[in-house]
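Here's a solo chain for you in structure tokens, the form predicted alone.
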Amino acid sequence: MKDTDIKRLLYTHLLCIFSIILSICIPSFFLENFSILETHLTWLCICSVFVTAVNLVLYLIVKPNASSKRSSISYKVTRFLKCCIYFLMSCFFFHVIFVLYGAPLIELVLETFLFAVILSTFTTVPCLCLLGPNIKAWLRVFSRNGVTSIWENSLQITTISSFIGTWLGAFPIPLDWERPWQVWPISCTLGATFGYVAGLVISPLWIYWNRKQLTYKNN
């Protein structure tokens, strides 16, 4: 494992973090009274767009899983459409999971769905960028000893940390503190965001710290 590969991973993750910062700062110049709490749904949409765009651009530039074979235009279009379908399926899947875990079934449907969108952005989008619409590759990466690169290692960490952040973010909701950020799903989305950012920071550091112990099948 080369230190340059870890540096590329770190720089990529820093830019992903920067995309979240931009989603907070840039809209405030164009939208009146814009804030994460007061206009939370708007911020969710903007953050999802920013993070998705940055992920797409970075993975196209870095190409961690670049194939030696040339792909036809029809193949690329089909792959893109499959990725879009997978993303939508992920959003609906998370929406159903949230409802099963206690989210309002009829009320606050838009809030719940946008929460599903932002969580899919933090978890499904990186999987699609790195692995494509390949379920077997997804199962391999998230199985024991299934990773084949530091990028897949970081994908594991950021995905798990996003889920943990979401789970921890749900704890303050039933408490009677009467804080504005306790309204569904603000604390959960903030938890998912902090979890995603924590994963982006922790994964390169963890990989660097354990670089001598890490071995991959294709290395």
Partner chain sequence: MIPSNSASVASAALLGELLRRRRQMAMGRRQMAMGRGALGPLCPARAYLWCPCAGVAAALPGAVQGEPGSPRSCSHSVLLSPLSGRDPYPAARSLACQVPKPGCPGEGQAATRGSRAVGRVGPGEAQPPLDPASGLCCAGRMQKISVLLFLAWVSFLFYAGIALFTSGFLLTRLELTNHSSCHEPPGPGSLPWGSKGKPGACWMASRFSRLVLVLVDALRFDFAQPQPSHGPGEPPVSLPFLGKLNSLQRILEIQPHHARLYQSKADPPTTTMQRLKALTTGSLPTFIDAGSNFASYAIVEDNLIKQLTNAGRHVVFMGDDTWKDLFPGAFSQAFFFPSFNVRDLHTVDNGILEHLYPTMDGGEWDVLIAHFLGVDHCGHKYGPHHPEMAKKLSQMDQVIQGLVERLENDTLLVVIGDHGMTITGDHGGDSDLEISAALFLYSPKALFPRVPPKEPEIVPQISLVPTLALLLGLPIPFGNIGEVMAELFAEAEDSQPHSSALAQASALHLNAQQVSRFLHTYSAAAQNLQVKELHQLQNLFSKASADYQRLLQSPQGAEAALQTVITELQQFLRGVRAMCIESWARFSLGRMAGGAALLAAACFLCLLVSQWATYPGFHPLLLTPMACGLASTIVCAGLLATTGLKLDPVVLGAMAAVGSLLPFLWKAWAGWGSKRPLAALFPIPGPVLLFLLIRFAAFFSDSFVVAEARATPFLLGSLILLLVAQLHWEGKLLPPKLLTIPRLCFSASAGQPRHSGTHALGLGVGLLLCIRLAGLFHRCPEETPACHSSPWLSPLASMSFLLLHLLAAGIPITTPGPFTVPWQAVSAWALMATQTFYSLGHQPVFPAIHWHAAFVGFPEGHGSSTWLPALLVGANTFASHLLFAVGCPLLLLWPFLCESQGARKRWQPLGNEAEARVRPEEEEEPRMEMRLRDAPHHFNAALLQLGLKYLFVLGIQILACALAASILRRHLMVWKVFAPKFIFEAMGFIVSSVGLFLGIALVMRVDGAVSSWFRQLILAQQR
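Treat the numbers as computed from the prediction; the structure is a model and nothing was measured. Residue numbers count along the first chain shown, from 1.
FYI, the form predicted together with the partner chain isn't displayed, but the following is about it.
Heavy atoms within 4.5 Å of the partner chain in the model of the complex map, among the stretches 34-42, 167-175, 49-57, 190-198, onto 167-175 alone.
Though the partner chain is absent from this view, in the model of the complex it lies within 4.5 Å of a heavy atom of just one residue from M89, I73, L81, L100, which is L100. Looking at the partner chain in the model of the complex, residues T4, P27 and K63 place no heavy atom within 4.5 Å of it. At a distance threshold of 4.5 angstroms between non-hydrogen atoms, G132 is out of contact with the partner chain in the model of the complex. Of the heavy atoms in F113, none are within 4.5 Å of the partner chain in the model of the complex. The partner chain is not shown here, but in the model of the complex it comes within 4.5 Å of a heavy atom of L139. Within 4.5 Å of some heavy atom of the partner chain in the model of the complex lies at least one heavy atom of L105.
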